[in-house]
Every structure is written in structure tokens, then in C-alpha cells.
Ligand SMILES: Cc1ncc(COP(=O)(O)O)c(C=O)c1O
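Encoded as C-alpha cells, the following chain is the form predicted on its own, with no partner shown.
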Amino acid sequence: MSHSPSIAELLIRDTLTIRDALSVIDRNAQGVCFVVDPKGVLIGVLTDGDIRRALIAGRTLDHPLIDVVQRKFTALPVTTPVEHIQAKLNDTVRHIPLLDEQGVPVDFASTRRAHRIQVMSPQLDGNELAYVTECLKTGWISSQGAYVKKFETQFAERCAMPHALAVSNGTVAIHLALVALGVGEGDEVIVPDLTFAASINTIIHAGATPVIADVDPITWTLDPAEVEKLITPRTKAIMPVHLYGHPCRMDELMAIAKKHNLFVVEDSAEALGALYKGRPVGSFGDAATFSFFGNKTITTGEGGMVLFRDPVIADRAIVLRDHGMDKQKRYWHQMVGYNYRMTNMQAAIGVAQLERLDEFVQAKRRLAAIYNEGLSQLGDIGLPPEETWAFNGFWLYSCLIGEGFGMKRDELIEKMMKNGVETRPLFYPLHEMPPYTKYILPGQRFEVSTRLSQAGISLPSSVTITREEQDSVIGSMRTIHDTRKLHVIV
């Protein structure tokens, strides 16, 4: 994938037309091109705004661009110190050509090029260092230590579930939940088509058979109507995935589970802090799992949590988490288990992060409100869902690029990267990927998940993102959109 464009992608000869300049601007996604003479010397600058004004004034696309070029512009020698270049960049001067001794552009500077806006980065400026330092000073750095139990207790209280087990990552959290519930060979587990692969992988690791269901077009999560169609005598569990921070339709899914006597395992990796009708996600099923990977709402670097409702199942999971070893008789193994433990240092970070969960979620919701306001003005962008009964945690701000936007999602991703903005596509549907095609049932179609996956894009969503950075993200999308729209219209 391309990153910032080279200087060559911004250059255009002075003998060409407005149409040619518009094509250059559309390709480079910067909203500007640099006009050079036959010797390559810079003689002017032309922006998408200049072209728009020229067309309004009656110029045609085939008019010579030399007649509308800006002769007054900011340029600097390529040897100019970086701090001096950056001091010249502002809301008005967004691109500065950097010239050699002959006045030939050899590079350029821009606010978006100098600073890449990441999709996600953690905020670790609370008590994380103090708590980890305590672990180091006391020597409690492995899976034994007070912070593990503290993290589990506080997390269980936060999610309104009686039992919590800290584990090494979010994937093993799901696997442990399934195995502790007795899900295995001969069983079927219904899983949404639009989710991260860990959801289906853990079902397969447990020895069960995944049954893939299409998702709801409004919430993007597991569609209860599709679930009902897929239940067989072998169905053992349903796995709702609270996708990108939005809760599933839990009343309907729990009613189906009760009707058919099924387990419910909530994959809540992306939705910590989200609410369904005022209740925390993860508080509905027989088990719920969370991830604390570095890009999640709270992080321990790697790590996860499993919540259980039944104390007997929770006790079984505790034994399985620690090699299957008897809790009362060291080195005596009751069953084949796993090493899924979390370290005390990870838990220390988790405790510090959990202290700020409300702050992080509110930051995510403010971020979403700003994006919603800015992107709603561009046209044909589907904003992320938030049903009236839902409190979206907005793990990632994800929206849909419609046909009227003027380009496909993947082209937008490439052009945003040229502006120093990292984005991500939505997950690929499970049914399209080679390991999972064998689980597609005869005649099964996944129209909703396919459409969402092809159109969906996730924008920078860190709690650390500044308003200026968000404005830059929105501004980049506006420039790309407006240039393409102008190109198509004329």
C-alpha cells in the first residue's frame, strides 16, 4: 500500500490543461499540484479550489492551466531546517515545495506528511508505571500476585458478573470459556460471519463445528432471525460478537438460547464499556470474554478476561487455565489443561487502565460525535450504528463508504495513507476465507456481511487523538471526496 506521495506525483507541466491538473490532484490526494516549466523549475501552484473557482468563472476543462495558476506561493530551499519548514505550515499554507539551487522541486512538506495519525494507540499515563514498579520491587512478576485477583474482582464488579478469570489473551479467553462449558466434538456453535477470526478459530480449536450466520444490517452484529434458522439438534451454543463497540440484540438471542437450551458465550473483546438497555455487555450469557490487546479500549499489552455465571463452571475453568492441576494438590493433574494465565505485571496495568475506563469510553464517544458531524456533510457515508437501546463503546469508529462517495473503500484507504492517515478495512467475512469455506451450508448466502465488509472503513480512534488530528482526518476525506466529485461532475 502506498504511503505519502513522491514529489513527482505532484508535478505538472505548464503546457497542460485544467483537466490534466485535476487528474494529477485526484491521483495524489493532496488537493494541490506544482506547475513547472520545461526545465522543471517551479513557476506556480494550483489547488482544487483554484480549479473550482476557474470553472465557476467560465473556464473549461480544456483551458490552459497556466492562465489560472497561483504565481504567489510559499516555497523553501530543500536545505531549510525541519523546524523552520514546520513553522511555515499552517491552515493556509498546507503544502510547501522544497527546491534545489535551480528552483526545481525535489521534495515537499505538508502537515499531513510530517505526522502520521495512527488508527489506535494506548494511553498509559495513569497509575500503570507505579503499579508495575510495585510488582518489580516486590518480586511478584509472574502469574502469582495480588494484582491478578484485584483485576479479576474489579472487572467482575464492573461487568455485573459473579466470576472473572484473567488470562493471557482474548483468544484463549474464548477457548477457555467454550471448553469449560463442555463444548467440543459433535457440537455446533453459531458464530457471526462478520467478526475477527479468533471467534471461529476457538470453536474449531475446541473440537466443535462452527455454523456461520449472516449479520443484522442495522447493528452489524449476529442476526437473531438467521440464528433461529441455523439451529439443529447438534447446536450447543451461540456466540454473539459485540462488533466495533455496538451491542448485539441480546433479548432476542437470549430468548432463542432459552427456547433451545443453548449456552451463550458473548465475545465482548471490542465492546468493554458498551451497554445493552443499560446493562453492561458480557452480563447476559453463561460466559463472556474480553481482550486487552494493545488496540483495545483498555489494554494490558496482551491479555484477556473470562466471565462466568455458574460457580461450578468457573471452578473448572480455573483448573483448566493452570495446566489442569488440582487446586489443593500441587502437580496432581485432574484433566488436560492449558497455561492460559495472566502475569501480575499485566494485571497491574489492567487495574490502572480499569480505573480510567469511563474516561476512555467518554473520549471514544466524543470522538464519534465529532466524526459523525464532520462526515455527515460529505454525503453517502453510512455512519456507525447506535440503536436507541444501545450505548456504543465505539472501540473503532467504523463507517460505510457508499456508491455516491465517488470511489471504492480500498482506493480511499490508499489516498488517506498518502495524507498520513492510517485507516483499516472492516473484517473480511469468515465465509470468504480459505479455512472456513467448508463450513458454508448448501445454499447459504451472506449478503449483509459481504456488503458491510466491502464498504466499511475504520478511522483513527485512539483516546489520545487530538481535535486537530480529527479535523485533519475529516479534512483529508473532504479533500479526496471533493476532488473526485469535481473530476466526475466536469
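In this text the structure is predicted, and so the values were computed from the model without any measurement. Just count from 1 along the sequence shown to find any residue number.
As for the form predicted in complex with the named molecule, it is not shown, yet the points below apply to it.
The named molecule is not drawn, but in the model of the complex it has no heavy atom within 4.5 Å of Lys418. Residue contact with the named molecule in the model of the complex: Gly170 places a heavy atom within 4.5 Å of it. Although the partner is absent here, Gly406 sits far enough away that none of its heavy atoms falls within 4.5 Å of the named molecule in the model of the complex. The shortest heavy atom separation between Ala352 and the named molecule in the model of the complex exceeds 4.5 Å.
The contact with the named molecule in the model of the complex, taken as any heavy atom within 4.5 Å, belongs to Ala198 out of Ala198, Ile85, Ile413, Ala208. The single contact residue among Pro97, Gly285, Gly303, Gly273, judged by any heavy atom lying within 4.5 Å of the named molecule in the model of the complex, is Gly303. Although the named molecule is omitted here, in the model of the complex none of Ile203, Phe263 and Leu307 has a heavy atom within 4.5 Å of it. Of the candidate stretches 293-301, 149-157, 122-130, 216-224, only 293-301 has residues with heavy atoms within 4.5 Å of the named molecule in the model of the complex. Using a 4.5 Å cut-off on any heavy atom, the residues of 246-285 that reach the named molecule in the model of the complex are, in sequence order, Asp267, Ala269, Glu270.
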